[in-house]
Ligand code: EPZ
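For reference, the chain that follows is the form predicted alone, supplied as structure tokens.
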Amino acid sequence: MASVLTIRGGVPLKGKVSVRGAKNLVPKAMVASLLGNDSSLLRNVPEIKDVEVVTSLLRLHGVEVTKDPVTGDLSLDPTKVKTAQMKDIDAHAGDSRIPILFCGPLIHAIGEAFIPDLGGCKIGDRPIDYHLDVLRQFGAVVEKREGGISISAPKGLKGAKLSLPYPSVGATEQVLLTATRAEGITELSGAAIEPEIMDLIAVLQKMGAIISVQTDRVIRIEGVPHLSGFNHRALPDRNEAASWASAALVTQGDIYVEGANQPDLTAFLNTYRRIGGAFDIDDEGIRFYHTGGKLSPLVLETDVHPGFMTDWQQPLVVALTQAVGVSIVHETVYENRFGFTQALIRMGASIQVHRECLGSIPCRFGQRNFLHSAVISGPTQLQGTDIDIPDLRGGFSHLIAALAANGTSRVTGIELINRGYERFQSKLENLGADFDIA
């Protein structure tokens, strides 16, 4: 039976939260363990749904996954990797998109891979075409079957010269995980260079891969026949850190985020300061707080790294509903990411979404009839309402809106938030939020 979170708003969030390894790195590093000839150790692992899903999928394929009961560190032993049943993969994958990244490592390990039809958050098409095209260029044979796709490489995987039409994080991960043990040299242009990508490269280099990141988004990989295991501490989750920062701003609170890392949050911190938020940085984390003054409107465009990350946008939009004046947000990464604003409008926010590119540069969605720009007028007093969470970041945004609102909100679909926010309910409790769950 689905849980219902009842939130009584109007209480500033104050206190301390800790963020651990990044959701956008940890599951990928777990998949990378398939490439090694011996065990790997992954540290700073968060307790999130995506880690559970990948753990199940690895175990289906014969990988021994052991969790340290004290630290939560994962030991991953791929020495008995095997083929898994299609129906079992489908059952354990659920709505996760992570199985697509198993393909290259599994082909190297056992000669074949199967991926079920993929789900994920409903924020855009996020097609797997990039992934399948990449695998074909390495020499893989892709066959559609009932319920999914079978991928093999009868002649082995060979290095390739690849160019992505857009710096897709997922496609870049696919290339890295496939090319490290492919025969020959792979050159990828148009690559994503997010901190999580660089941390995955660090994992693979520890395993014995030869990877160089060159200028203008070019990554060069020299294939090697064998890789060893790794011992790696995952970088902290910058998206969760930014989400709690926005929560402090929206609720007029004061939150110290242990583990927040300044270099990975540069673009966010600049924007946070422009809107009127304050922060203090030390060696252990960042304190985010509302100064008590008026928040300022701004014009914001999301972009791939090193720009303002799309995952930071939704929680910050809630803060912009409290800014004095008109703000404009232009979303250039995911075409349907403003669906979450409907709930904010029902709560009293003044938000209009538009098909036009309301930014400095027209983006790839401008002529495709997507509602990808938003005009937010504020400040508006939010009122409690019933909310069904649509996706991970939008769901957290709804939570902090409910926490700031007058009155009571009933929130369903909170299971989605568990995909990327570790123990978020206990963290809310520690910050003084007034809520209960049934």
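No experiment lies behind these values; they were computed from the predicted model shown. From 1 onward, residues are counted along the sequence shown.
Beyond what is shown, the protein has a form predicted together with the named molecule; the following relates to that form.
Looking at 389 to 397, 370 to 378, 40 to 48, 408 to 416, the stretch with residues near the named molecule in the model of the complex, meaning non-hydrogen atoms within 4.5 angstroms, turns out to be 389 to 397. A residue is said to contact a partner when one of its heavy atoms sits within 4.5 Å of a partner heavy atom; R97 meets this definition for the named molecule in the model of the complex.
Proximity of R181 to the named molecule in the model of the complex falls outside the 4.5 Å heavy atom cutoff. Among residues of the shown chain, Y130 is one whose heavy atoms approach the named molecule to within 4.5 Å in the model of the complex. Taking the partner from elsewhere, F114 is found to have every heavy atom lying beyond 4.5 Å of the named molecule in the model of the complex. Within 4.5 Å of the named molecule in the model of the complex, a heavy atom is found for none of F138, S163 and T186.
Here is the short version: of Y256, F338, Y334, Y272, the single residue with a heavy atom within 4.5 Å of the named molecule in the model of the complex is Y334. Among G359, G170, G148, G159, the residue placing a heavy atom within 4.5 Å of the named molecule in the model of the complex is G170. The partner is not shown here, but in the model of the complex the stretch 299 to 328 reaches within 4.5 angstroms of the named molecule through a heavy atom at M309, T310, D311.
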